[in-house]
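Included below are structure tokens for two forms of one protein chain, each presented in isolation as structure 1 and structure 2.
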Structure 1
């Protein structure tokens, strides 16, 4: 059902955890639909120096969280905003059709975190 890449990221998720003094935090999803993702970023000079996540959800949700954090690490804020759910799925060698909705979470969480970052910058 899942590709080897998905299984690898599920079994060995990258960047799991919290960042204590994160200057960007995103939280999306809800318990009702069954997937929640929280993302922490440390953004310095417009670059995502570090990123960590916590996800409550299925295999697809955990694997996309892991892959998406890998893909934005070291990128500029603008580059991170360009990351699409499609690109994450492609990087994972695809997902079953009924799992696509679970994978949207990562893209949304990244946007949410960056929005939080910009709000803090303007405060």
Structure 2
């Protein structure tokens, strides 16, 4: 059902936790399945220096959060905005059809955090 990469990111998630004084925070959820993702970023000079997450949800939600944070860490804000749920799924060697929404949430959480960052910069 799940690839080895999904199982690895579920059993050993990367970048779990919070960033104190994060300058970008994204929060998304899906009421239908109950998954909630919160992404914290430390963005300096337009580069995502650190990123962490807290996810309440199934194994696929945790795995996609973990993979998405790995994929944007060290990237520019613009590069991170190009991350798609398809890219997250491909990096995990696929997801079952009924779990695709988890990769969409990961993409949305990254975008929500960057939107928060931009609002803070213009405040």
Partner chain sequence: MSKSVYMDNNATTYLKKEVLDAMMPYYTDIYGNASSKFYAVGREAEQALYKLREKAAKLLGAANVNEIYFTGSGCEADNWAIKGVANAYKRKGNHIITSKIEHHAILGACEYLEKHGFEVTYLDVDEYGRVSPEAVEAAIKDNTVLISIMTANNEIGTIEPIKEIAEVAKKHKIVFHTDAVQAIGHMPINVRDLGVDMLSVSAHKFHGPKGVGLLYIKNGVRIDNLIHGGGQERGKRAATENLAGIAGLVKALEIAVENLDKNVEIMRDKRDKLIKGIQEKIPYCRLNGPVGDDRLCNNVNFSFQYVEGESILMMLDMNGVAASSGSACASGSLDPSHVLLAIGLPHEIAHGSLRLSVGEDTTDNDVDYIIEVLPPIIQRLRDMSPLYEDFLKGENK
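Positions refer to the first chain, counted from 1. As the structure is a prediction and not an experimental result, all values here were calculated from the model. Definition used throughout: the rigid core is the maximal C-alpha set that superposes within 1.5 Å between two forms.
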Exercise. Between structure 1 and structure 2, which should be identified as the form predicted alone?
Worked result: 2
Exercise. Residue 44: with the rigid core matched between the two structures, does its Cα shift 2 Å or more?
Worked result: no
Exercise. Using the core for the fit, does the CA position of residue 84 change by 2 Å or more between the two structures?
Worked result: no
Problem set entry | Distance moved by the residue 31 C-alpha between the two structures (core-aligned, Å) | 5.0
